[in-house]
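Okay, here we've got a single chain as structure tokens, the form predicted on its own, with questions on binding and movement later.
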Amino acid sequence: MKSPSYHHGNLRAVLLDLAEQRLAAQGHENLSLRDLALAAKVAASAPYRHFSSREALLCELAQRGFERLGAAYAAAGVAPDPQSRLRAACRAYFDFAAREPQMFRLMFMTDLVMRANKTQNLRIGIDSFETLEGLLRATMPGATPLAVRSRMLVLWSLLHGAAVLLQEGQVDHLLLPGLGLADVLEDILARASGS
């Protein structure tokens, strides 16, 4: 039996869309180029014309996630003052993690992202970090770059840690009547801003 091999107008986009659907449904662990080729009804070798490896595909997916997170930050940028913009961006980060948990996990697979950034000269995740840092800097007029970076690391650690704990179901049972996630986020922002 001949393997399916009809032509897609944009196989790269089709494979990425299929991969993203499977990522959302089952995580990255079982994602394979061979299965994607089967789902796209193309020859098993066809995906390799667009992605040199499974890791290259995962990097592209992570980049898609960071682009969406960046768009959420941009939407937060319309708030009227620096503190409100920072709060809106942090809320967007938190909401993204809750809305797209598998994508969020993939985006922060340290091994994958760090290796790709080094070996392929990519900036996966770096622009996202710098955007959030810029929003924080606007709330710290006159602060040194060192002070801003230090505060940013505190903010990101608290924000990311809370998002991961929430995803893993480690927080729900600790919330009490009158203490919701919005309160936790406000406390994170207060601690990060030093107030």
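The term rigid core refers to the most C-alpha atoms you can superpose between the two forms while keeping them within 1.5 Å. Residue numbers here begin at 1 and follow the sequence given. The structure presented is a predicted model; accordingly, all values stated were derived computationally and were not measured.
Omitted here: the form predicted together with a further copy of the same chain. The next part is about that form.
A heavy atom within 4.5 Å of a further copy of the same chain in the predicted bound form is found for exactly one of E67, E168, D127, E55: E168. Although the partner is absent here, G178 lies within 4.5 Å of a further copy of the same chain in the predicted bound form, judged by heavy atoms. The shortest heavy atom separation between L31 and a further copy of the same chain in the predicted bound form exceeds 4.5 Å.
a further copy of the same chain is not shown here, but in the predicted bound form it comes within 4.5 Å of a heavy atom of L158. Heavy atoms of A25 never reach within 4.5 Å of a further copy of the same chain in the predicted bound form, leaving it off the interface. Residues R149, S150, R151, L153, V154, W156, S157, L158, H160, G161, A162, V164, L165 are the ones in 149-165 with at least one heavy atom within 4.5 Å of a further copy of the same chain in the predicted bound form, listed in sequence order. In a rigid-core overlay of the protein, A182 has its C-alpha displaced by at least 2 Å between this form and the one not shown.
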